[in-house]
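Given as structure tokens, the chain that follows is alone and in the form predicted alone.
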């Protein structure tokens, strides 16, 4: 599709220029714009699309039992603050920043507590192994930690992570590659010491 532009040069003459249309607006940007205009259904669709990402970002930073509540908290904050979103196309990065800030606030206001209950999984259970691996992922640098959790726990693809978080596809690939390498090393060290 071509666009016709009328340009005026410095001496008052006009000319028509045919340019290919290069502006693409993503579905998410359209939904974010509608949500900014007060469309709650559009915001609900954004919730459906971004809830796994937010869950993963929080899971990389805070204790598992609090992740679900804080995921909802992030979206409530976003709903209240959507009017501050300057560019609809930046919704994913804006929402990710709200989640990261909420995780930081959580650590400022919540004392570190470890609670053991009767239903705590035994050492050899699959749940215990998953918890151990999650803790190993959480010990990685932040960029790797977040990207790995979005991929391994939330099941997002590399391109999906890039699109939703605002990272470049190359950054996601590098973070996943380096993060997996560091995770393997940590797990191998654990197996050697057993």
Partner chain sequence: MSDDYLWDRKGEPDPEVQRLERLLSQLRSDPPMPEMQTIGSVSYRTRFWSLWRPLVAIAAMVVLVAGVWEVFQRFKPGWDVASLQGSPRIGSSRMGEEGRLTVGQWLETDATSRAILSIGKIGQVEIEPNTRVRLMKARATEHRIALARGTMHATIWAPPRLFFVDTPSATAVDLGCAYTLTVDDTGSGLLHVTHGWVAFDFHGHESFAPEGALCATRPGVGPGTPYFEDSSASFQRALTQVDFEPRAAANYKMALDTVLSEARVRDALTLWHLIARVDARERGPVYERMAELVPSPPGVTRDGILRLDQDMLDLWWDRLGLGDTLWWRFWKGKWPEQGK
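Numbering follows the first chain given and starts at 1. Since this is a predicted model, take the numbers as computed values, not measurements.
Not pictured, yet referred to below: the form predicted in complex with the partner chain.
Student: Give a yes/no on whether residue 55 approaches the partner chain to within 4.5 Å in the predicted complex, heavy atoms considered.
Tutor: Yes, residue 55 lies within 4.5 Å of the partner chain in the predicted complex.
Student: According to a 4.5 angstroms non-hydrogen atom cut-off, is residue 134 in contact with the partner chain in the predicted complex?
Tutor: Flag for residue 134 set to yes.
Student: Indicate whether the partner chain has at least one heavy atom within 4.5 Å of a heavy atom of residue 151 in the predicted complex.
Tutor: Yes.
Student: Does residue 27 make contact with the partner chain in the predicted complex, using a 4.5 Å heavy atom cut-off?
Tutor: Close contact is absent here: in the predicted complex, residue 27 is far from the partner chain, nothing within 4.5 Å, heavy atoms only.
Student: Can you list, in sequence order, the residues from 155 to 171 that come within 4.5 Å of the partner chain in the predicted complex, counting heavy atoms only?
Tutor: Result: 155, 156, 157, 158, 159, 169.
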